[in-house]
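Only one chain is given next, in structure tokens, and it is the form predicted on its own.
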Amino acid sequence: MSLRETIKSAFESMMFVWGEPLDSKVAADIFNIDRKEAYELFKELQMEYETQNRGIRIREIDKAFQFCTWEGNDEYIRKLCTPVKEKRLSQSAMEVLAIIAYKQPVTKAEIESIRGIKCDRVIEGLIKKDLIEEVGRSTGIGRPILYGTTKTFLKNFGFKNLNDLPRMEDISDVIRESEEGEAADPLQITLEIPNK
């Protein structure tokens, strides 16, 4: 087995054991290679899984990689994992999350000025769900906390990175269609929690 194949094999094992998205920098450090080379090996491995039509795929989340199931098998996985409890984000939580996603880094005051109402509890809830986090402090008066989205946000919404967010004009079109009864809100999220 070539060194390249050995590293890719190790990356597979590491992703399997790690569970969370494995950052290409962390993987690179283990083999004393640069991040770019590790990233290319992950992408090569990702392509191999796709071309072989495997039920397991590799997805990228902000230059980190994780095993996931192929979306074509969703129906069978749902049958296997039911019953599940579905918990949807409230409309106010979706509004705050959308503002943070598009305006980040953003302060609570800026969010409230856009929405016109207080959002302390909504922000607390989104932090508990690990969809947003504190990303620093503003240089403004009082140095208010700045908020941004997390890797969990990217993962739950199926985005590779923030560049995958729908353009604002696309969202307006979809929301207008939704009001006419033709489509659903593109930012709706369902968090599925298996019953224990």
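All residue numbers refer to positions in the sequence shown, first residue = 1. Because the structure is predicted, anything quoted here is derived from the model rather than measured.
FYI, the form predicted together with a further copy of the same chain isn't displayed, but the following is about it.
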{"query": "a further copy of the same chain contact in the model of the complex: R121, any heavy atom under 4.5 Å", "finding": "no"}
{"query": "Close approach of I30 to a further copy of the same chain in the model of the complex, 4.5 Å, heavy atom", "finding": "yes"}
{"query": "Contact flag, G140 vs a further copy of the same chain in the model of the complex, heavy atom cut 4.5 Å", "finding": "no"}
{"query": "Interface membership of T69, a further copy of the same chain in the model of the complex, 4.5 Å heavy atom rule", "finding": "yes"}
{"query": "Neighbours of a further copy of the same chain in the model of the complex among 61-82 [non-hydrogen atom within 4.5 angstroms]", "finding": "F67, C68, T69, W70, N73, Y76, I77, K79, L80, C81"}
